[in-house]
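Below you will find one chain, with nothing else, as structure tokens; this is the form predicted alone, and questions on how it binds or moves follow later.
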Amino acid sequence: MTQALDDLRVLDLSDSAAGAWCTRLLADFGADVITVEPRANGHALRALAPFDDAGRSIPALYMLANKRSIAIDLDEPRAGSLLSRLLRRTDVVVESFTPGRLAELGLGFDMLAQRRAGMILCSITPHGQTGKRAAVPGNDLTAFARSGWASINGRANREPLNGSAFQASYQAGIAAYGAVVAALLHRDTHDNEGQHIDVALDDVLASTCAPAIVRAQYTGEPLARREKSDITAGPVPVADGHFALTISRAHFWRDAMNLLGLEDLAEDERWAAGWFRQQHQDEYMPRVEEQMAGWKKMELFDELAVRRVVAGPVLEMSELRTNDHLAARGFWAAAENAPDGPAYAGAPARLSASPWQLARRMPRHGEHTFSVFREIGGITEDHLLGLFESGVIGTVE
């Protein structure tokens, strides 16, 4: 099967979730991604909870899938020459070191460009490669805080709300993936010109804050968080969970109110106007929410869908695996080399001619060290054994 990026080789030096997600996407669309893990402890994701019954990190199972793994001690003097053998046949390097550290290892952009014409280096860090806070540590929590997102997330009577799980890292990884593909297109049309891509988690989140970030410039005031949830601001309780109902258009309002048995609200022409509903929320909100509370979320969704009313039942994570719509689309996937393994969330985008593919389960730490250095680096078995015995490289025993 032909894939969009199947002629691409990526060396992933990153030790972050954002870097891992960027390279996971590159691998999913065909790139040969080689994850370079510290010889002693492996990728940082391998230590993150929660863990499965076999003691494997579930975040690592997800984000390190579809890649090959080599284990090497980058602080060992011989590591640089070993990686140089791989870099001569590598298109893209992804890293997440503190700015300046890559150059200390002899792997800065200028040095990489000397090893391979057209080299693309993608650096993904909390605060970027420049600026007075470039070297300051950060993570998803600090990105949500510093980008302004936390300040507009949550309820007004509570503290600002952090984003869930690895959302800042996922967004930064997606942005980095898109930037790498853009850089590859540029390289193809501009005399094999490589470039250094600088992705900062802060920048990525701040760039997706519109309209709040623009509104603040014009009004001089922050976006006010709402006091409570209601049908105009988010999901409200129903019989078996929560439900989001959109009533932005006149026919949404009319058909939803008729379904809920509130014919007087449906047929009174005053309520068809959004401005009128906005000014008289207290007159209808309790009645609507009371009627919704008696419905089960999927039954309400199905009835509204027939009426072409935009609405959304709030599905729990445990409900996604058995969701009939996702199943009908063939969304769930197992790694081809581990068909009895866990089900992975499937393709984020579907290409008809060069599709997404989950070929490999998460590699074991250093699983491909010998095979990668033999295949790409041209290093003999005896030499590899010597490097292994001296602690320069590691591999699965």
Partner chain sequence: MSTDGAAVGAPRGPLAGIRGIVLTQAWAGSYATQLLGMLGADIVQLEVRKRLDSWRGSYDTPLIAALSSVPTATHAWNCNPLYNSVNLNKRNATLDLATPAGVDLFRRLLVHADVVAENFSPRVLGNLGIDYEAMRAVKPDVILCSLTAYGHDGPWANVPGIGGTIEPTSGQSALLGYRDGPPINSGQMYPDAVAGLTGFAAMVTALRHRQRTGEGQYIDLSMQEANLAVVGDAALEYELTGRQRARLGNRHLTFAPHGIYPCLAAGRDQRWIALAAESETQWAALCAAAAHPDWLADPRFADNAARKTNEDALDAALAAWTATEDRDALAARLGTAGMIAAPVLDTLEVASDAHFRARGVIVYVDHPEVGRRAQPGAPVHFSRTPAAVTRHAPVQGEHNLEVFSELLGMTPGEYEALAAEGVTGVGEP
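Here, rigid core means the biggest group of C-alpha atoms that superpose within 1.5 Å across both forms. The model shown is predicted, which means the values in this text are computed figures rather than measured ones. Residue numbers count along the first chain shown, from 1.
One more form of this protein should be noted, the form predicted together with the partner chain, which is absent from this view; the next part is about it.
The candidate stretches are 254-262, 208-216, 281-289, 75-83, and the one lying within 4.5 Å of the partner chain in the predicted complex by heavy atoms is 208-216.
Only one of the listed residues (115, 101, 296, 133) places a non-hydrogen atom within 4.5 angstroms of the partner chain in the predicted complex, and that residue is 133. Comment: the partner chain is not present in this chain, but in the predicted complex one of 107, 87, 300, 309 has a heavy atom within 4.5 Å of it, namely 309.
Although the partner is absent here, residue 354 is a contact residue: one of its heavy atoms lies within 4.5 angstroms of the partner chain in the predicted complex. By the criterion of a heavy atom within 4.5 Å, residue 21 is counted among the residues contacting the partner chain in the predicted complex.
Although the partner is absent here, residue 390 is not a contact residue: none of its heavy atoms lies within 4.5 angstroms of the partner chain in the predicted complex. In the predicted complex, at least one heavy atom of residue 324 sits within 4.5 Å of the partner chain. Contacts to the partner chain in the predicted complex (heavy atom within 4.5 Å) from stretch 153-169: 153, 154, 155, 158, 159, 160, 161, 162, 163, 164, 165, 166, 167. Comparing the forms between the shown form and the other one on their rigid core, the Cα displacement of residue 272 reaches 2 Å or more. In this overlay on the rigid core, residue 219 has a C-alpha that sits 2 Å or more away from its partner position between the shown form and the other one.
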